[in-house]
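Next up: just one chain, as structure tokens, the form predicted alone.
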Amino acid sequence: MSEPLYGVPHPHGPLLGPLSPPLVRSTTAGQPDAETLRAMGAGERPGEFYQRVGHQNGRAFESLVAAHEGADGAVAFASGMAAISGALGALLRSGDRVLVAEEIYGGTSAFATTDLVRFGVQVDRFSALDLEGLRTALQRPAKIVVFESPINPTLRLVDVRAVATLARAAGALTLFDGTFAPPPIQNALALGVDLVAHSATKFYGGHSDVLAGVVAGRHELLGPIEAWRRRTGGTLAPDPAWLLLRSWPTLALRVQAQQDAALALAQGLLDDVHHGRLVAVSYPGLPQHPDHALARRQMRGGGCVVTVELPGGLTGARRAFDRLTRIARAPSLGGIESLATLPAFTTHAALSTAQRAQAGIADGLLRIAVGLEGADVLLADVRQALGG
């Protein structure tokens, strides 16, 4: 195949020249002759041409993600939802059937059930926690199976390899949202999925100052996705791409420190469950978690998010939420700041109380995305918010 128009893994070389990559904001580039102009305009040749087609800062980020994921390449987008919708839009056509997990990010669910269906795609739902149910759903042809793990916000885990194996046996592709556990926590491609997508806004950005998304996988799938991005214009801009490059060297250090703090926070809060100040604590790194054995098989650590259920339902959760002082009251995750959010008001606000309960999301659930303040600071903040 010709050289792709997106980033591919590059071997490490000697560190020569500027150690911080230059930021190039130019939206267009001069060409030496008509043939070069033709080839670049037709998407036959990579290089600097017009920013919507791609640029050096974006390709440098894509190359890092591809190497990190063990992928042929990666395609970066302007947001995580642009990446997910771009992958689905590029690979599906009218008449195709897609299986979307019930336990999936609300934005992905809304895109599938609101937009894909408008274009003649049949969207069916399945529980990613029910492998026999998925096996039954796959008895009818499906083009793509879409799922995530850990699940937001319950932190239940899906057997990624088992889902990928079932889908492949039925002739379906898998699109996996790996936002909650990127490498170095989890390598979904190594577990058998075909495409992995991330909201790079989260851990890859890491500083709450970047909006970005990325999809990684095999060349034959990435080619149509890059072409979709070029046609629809969801290209990641140079400035956020440069910020992602800035954040990359500290990714492993940040994630390890966040995982260590998340485990210590979860362990500390078990005492509050014991004394009735909390109903429950959920964290895959705890032996008490229902999927702890699966976490040990497919993850390196328990992730960087802890959820707690407050007594008194939504009223109790709101009271504690409003009393937090060190943990910021904000959506998102993966940054150096710890963030708390109420799923009943954010990620799953579109669901009724009964629908949330069916999905295992109690109205008293509080999600804490752990940053770098330290476990002692976070534990003290949660406990004072509980009134203890």
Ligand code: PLP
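For clarity, every value in this text was computed on a predicted model and none was experimentally measured. One rule holds for the numbers: they count along the sequence shown, beginning at 1.
Quick note: we don't show the form predicted together with the named molecule, though the next part is all about it.
K.L.:
Do Q256 and the named molecule share at least one heavy atom pair within 4.5 Å in the model of the complex?
P.N.:
Taking the distances in the model of the complex, the answer for Q256 is no, it never comes within 4.5 Å of the named molecule.
K.L.:
Decide whether F147 counts as a contact residue for the named molecule in the model of the complex under a heavy atom distance cut-off of 4.5 Å.
P.N.:
Close contact is absent here: in the model of the complex, F147 is far from the named molecule, nothing within 4.5 Å, heavy atoms only.
K.L.:
Would you please decide whether Q267 lies within 4.5 angstroms of the named molecule in the model of the complex, comparing each non-hydrogen atom pair?
P.N.:
Judged by the heavy-atom cut-off of 4.5 Å, Q267 is well away from the named molecule in the model of the complex.
K.L.:
Examine A344 and determine whether its closest non-hydrogen atom to the named molecule in the model of the complex is within 4.5 angstroms.
P.N.:
So A344 does not count as contacting the named molecule.
K.L.:
Which of these residues, L333, A320, L64, A362, gets a heavy atom within 4.5 Å of the named molecule in the model of the complex?
P.N.:
That would be L333.
K.L.:
Only one of G205, G80, G86, G285 gets a heavy atom within 4.5 Å of the named molecule in the model of the complex. Which one?
P.N.:
It is G80 that has a heavy atom within 4.5 Å of the partner.
K.L.:
Can you work out whether the named molecule is within 4.5 angstroms of a heavy atom in all three of Y105, T179 and A212 in the model of the complex?
P.N.:
Yes, because Y105, T179 and A212 each have a heavy atom that approaches the named molecule to within 4.5 Å in the model of the complex.
K.L.:
Mind telling me which stretch in 197 to 205, 306 to 314, 223 to 231, 124 to 132 gets its heavy atoms within 4.5 Å of the named molecule in the model of the complex?
P.N.:
Contact-bearing stretch, as computed: 197 to 205.
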